[in-house]
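Each of the two blocks below gives one form of the same protein chain as structure tokens; they are labelled structure 1 and structure 2.
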Structure 1
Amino acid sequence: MCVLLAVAAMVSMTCGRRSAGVPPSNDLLIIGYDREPDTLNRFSTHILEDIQSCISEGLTTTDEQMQVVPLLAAEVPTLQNGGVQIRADGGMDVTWKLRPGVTWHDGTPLTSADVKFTVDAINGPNYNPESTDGFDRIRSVDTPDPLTAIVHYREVYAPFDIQFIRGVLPKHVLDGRDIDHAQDYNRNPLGTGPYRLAEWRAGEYILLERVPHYWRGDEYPRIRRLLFKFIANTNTRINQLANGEVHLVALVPWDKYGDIAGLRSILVHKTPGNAYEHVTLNERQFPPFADVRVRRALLHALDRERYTKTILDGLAPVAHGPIQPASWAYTDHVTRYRFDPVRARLLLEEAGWTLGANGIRQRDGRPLAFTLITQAGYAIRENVAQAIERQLRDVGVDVRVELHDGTAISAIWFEGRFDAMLHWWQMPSDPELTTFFAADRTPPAGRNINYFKDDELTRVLYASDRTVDRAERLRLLHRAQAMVADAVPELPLYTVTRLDAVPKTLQHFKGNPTNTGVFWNVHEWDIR
């Protein structure tokens, strides 16, 4: 009883009727974040680049137009400016010129030795980075002077310009150390960016503070402190936004759009994303998908226009292929499949699937029935899955929806143990399609989990990877998109739109469609 009384006394003492939070200002911006990072070492993780990118900068980054722009590099190397040279032996050399006058937060100058150290550390035995993609094709790095690093590739590698997008490792801190367990760096990295770590309270928040002398000039960054609060539960996160307890939430789930669109102090940025929701059809696991007529029929049976207008609240346009309008390689000269259940039934009949007594089609006594897996916990996705289930049943196809948690889903697709899967790929800024559609890139060698085999497409895709000539690459990628649209290896549904809720008083927020995240230009942000 005394406890209750004490609690009641506390309440009456402390609870005036007041707003729960402080308004955003150039002194403090509070960001509601869905999870806590495991490490701030950008080479050890691919998730949560936001906090990391405020501290550690890459040689290049991608801007809101998905263009690769220089950051710590003085310019992006190209064939035209002589930064890229194709060697006679089929390899290539990329010359990176570093921006002069950049120092690490401890005052040590950033040099080409750091670039060389990064490559050696990633390819060396003392470190287990998450990915060695691209680094594995580097033979050596030369450092003719402190601001020049020449990277020698064994073969032509088209996405060379984002090779160092995650930054470089400071040689003077990490040289000769076991980087996996260098917790002083991994928990509080030395960077060159506008912010450094001030405090990390496990399970609660990370606080970043501005560095006194940022290389862009002492007036940057304008916001003194950034506070990232970890709030895993979506409803709670949105509640905090509505109450003013947090000021900014990046990547708001769509089913929350209605809740935040009406908030007075909040602006919802919609960025057409570089990701597309689609249904993967696993031909190896469910052989009827190998028939192009069946795949086309399935796509004709889905009223995707209606999904985007209703379930998706008009936030996501219909997608027609793997490359989205935000990308420089996009083309809309591809076959489109309208909602046409009559045509769908006709195609299925043609393919030999006739209606059985129970309303389900069959051929040779086997039903056209498969399982559609998708990730649990996403209301929109569960709704889309149920709409698909319903519409395919209308044309005589039986679908069983199965939900799994994210980790299970990853393992299941990697092992190819599913019939069909509703999901999206977050595509990198480079429009490479090889890993998704080339015949030899089925897991574990790639992400062709349709187990789709088309020799001509495979040839075109590899050719597009092995050229650094933009125009030629564009031509090949357009060709590939048209071939994918014809063959329908998977059912594209809609382009994912990023929703970011930011304070109306925040200036210079630009958004970003790639996995670079929206904090890439945080130094410019200004609250007035």
Structure 2
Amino acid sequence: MCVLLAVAAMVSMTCGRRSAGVPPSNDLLIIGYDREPDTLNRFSTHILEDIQSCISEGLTTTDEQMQVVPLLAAEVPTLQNGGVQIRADGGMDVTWKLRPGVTWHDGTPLTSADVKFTVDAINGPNYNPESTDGFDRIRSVDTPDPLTAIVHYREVYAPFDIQFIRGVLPKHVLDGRDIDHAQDYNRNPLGTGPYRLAEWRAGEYILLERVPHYWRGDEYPRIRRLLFKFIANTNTRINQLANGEVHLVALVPWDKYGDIAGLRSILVHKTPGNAYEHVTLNERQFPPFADVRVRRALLHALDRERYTKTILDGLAPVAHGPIQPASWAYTDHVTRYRFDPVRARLLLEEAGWTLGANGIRQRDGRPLAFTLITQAGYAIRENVAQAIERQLRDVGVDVRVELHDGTAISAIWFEGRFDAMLHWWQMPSDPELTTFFAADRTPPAGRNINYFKDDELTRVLYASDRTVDRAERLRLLHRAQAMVADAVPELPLYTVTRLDAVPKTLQHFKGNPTNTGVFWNVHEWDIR
């Protein structure tokens, strides 16, 4: 209790305009974080799982080279090591061997029963996870012994190796309970990771403390406490980094790079990101988006090259689709849409949207007007949103920008309560596109929040999931990227280059291009 009071006092002091701060040490590392989590249950959250991944570990994780590596699993199953078997009926069996000696934080052994319980819970009717994608392709799980889980898929599922990257749920804590409302777990989960929750002060911070006798060895983690301060405003976050009030900021906005690049105590890691910023077009909420001519017109109306050179300071190249150059599946043989407002106007005319006296296009007495939501306090997004608003107005489209805090916007996208949204997808190491674009992968089955439907694209996407032959999968993914580019279900803007600001005294920070996040190896971090 004394420790928590001391931390609370320290955070309170650093909220002032001037503060000398406390230097980073193996006793305490302070992270400036852009939003408060909606939940600490990794399977329920709608945002990146940086804090959660320090507590709850997956069977595998993704390293700084985008390679899938074992974590709670003893090894990654493959065809070569016999862990993956393709059945004669077209299905697939994956055998997971769990690492011996791993226990939950309460001392209960981690077993294959936890793996089975997790699959059954996610596929069952009484839990509403963030996504069921992949899990709903599992027929059953066998547990021949406490350290072996055999997962039986109805079909071949190529991304099986990251199926349990979010970990598993503790059966002995959640069995028979309503997981959606199990707040003792959702706000303070039992995990196997290097840290556990010490305090969650709503609206202010989350404090994590090291777990004694962590399974990797008593010397890990080397940093005793991690304090995640919730600082939604980017200017405040960067100012506190410069003043020493926070020690680390992941995903530094590009417009702030010049402000911190010269700081003597800070090192900025640049990582080509496996992520892209885009505008989601919700066809269910705003029916005019269902016309491909309208979608193509909107993309032609945006001067994306100008955005990257001005607002983004040249740090983020234009993106032309959902798979980025960092991925093995990337292709640049896709349709590209140059900035061409004349073409945009022609397409809108073809679609029946004629210019009204007020300069806004109309059809059947209704204006071509929609709301674009994005994250408040994120200067880059606010500036890009304003540029989009101006350029679409130039071709007769009325856009109203609406700002929401980071936590609230996560629930809004999951529920589909928006017309259009400026945001990003931080992609996993596997280039699966099915969850984003297949017709049947709207939430909670996936992340198709465009509510876009194309039967032929859906067929190609599922075919790409149903082969573990790399060459064949590459061919199908290249075709899918070309189809997505032609259909324009969303407006791709730019590839995200990660800028992570860390103390120069922090050792073993490796970064990560994927949605695994930079805390994937936090147990190794060391202040020297």
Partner chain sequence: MRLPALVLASLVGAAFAAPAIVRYPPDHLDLDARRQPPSAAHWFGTDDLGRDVVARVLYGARVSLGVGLLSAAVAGISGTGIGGVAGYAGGALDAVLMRGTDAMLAVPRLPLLMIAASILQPTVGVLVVLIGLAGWMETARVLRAEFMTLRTRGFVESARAAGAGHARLVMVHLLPNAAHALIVSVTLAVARGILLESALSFFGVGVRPPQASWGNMLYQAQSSLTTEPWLAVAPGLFILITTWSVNLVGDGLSRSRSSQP
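Everything quoted here is computed from the prediction, not taken from an experiment. For clarity, a rigid core is taken as the largest C-alpha set superposing within 1.5 Å between two forms. Here, a residue number simply tells you its place in the sequence of structure 1, counted from 1.
Annotation: structure 2 represents the form predicted alone, while structure 1 represents the other form. Domain motion between structures 1 and 2: the smaller of two rigid parts turns 28° against the larger, based on C-alpha superpositions. Look at V399: with the core superposed, its C-alpha moves 12.8 Å between structures 1 and 2.
In this core superposition, G377 moves its Cα by 6.9 Å between structures 1 and 2.
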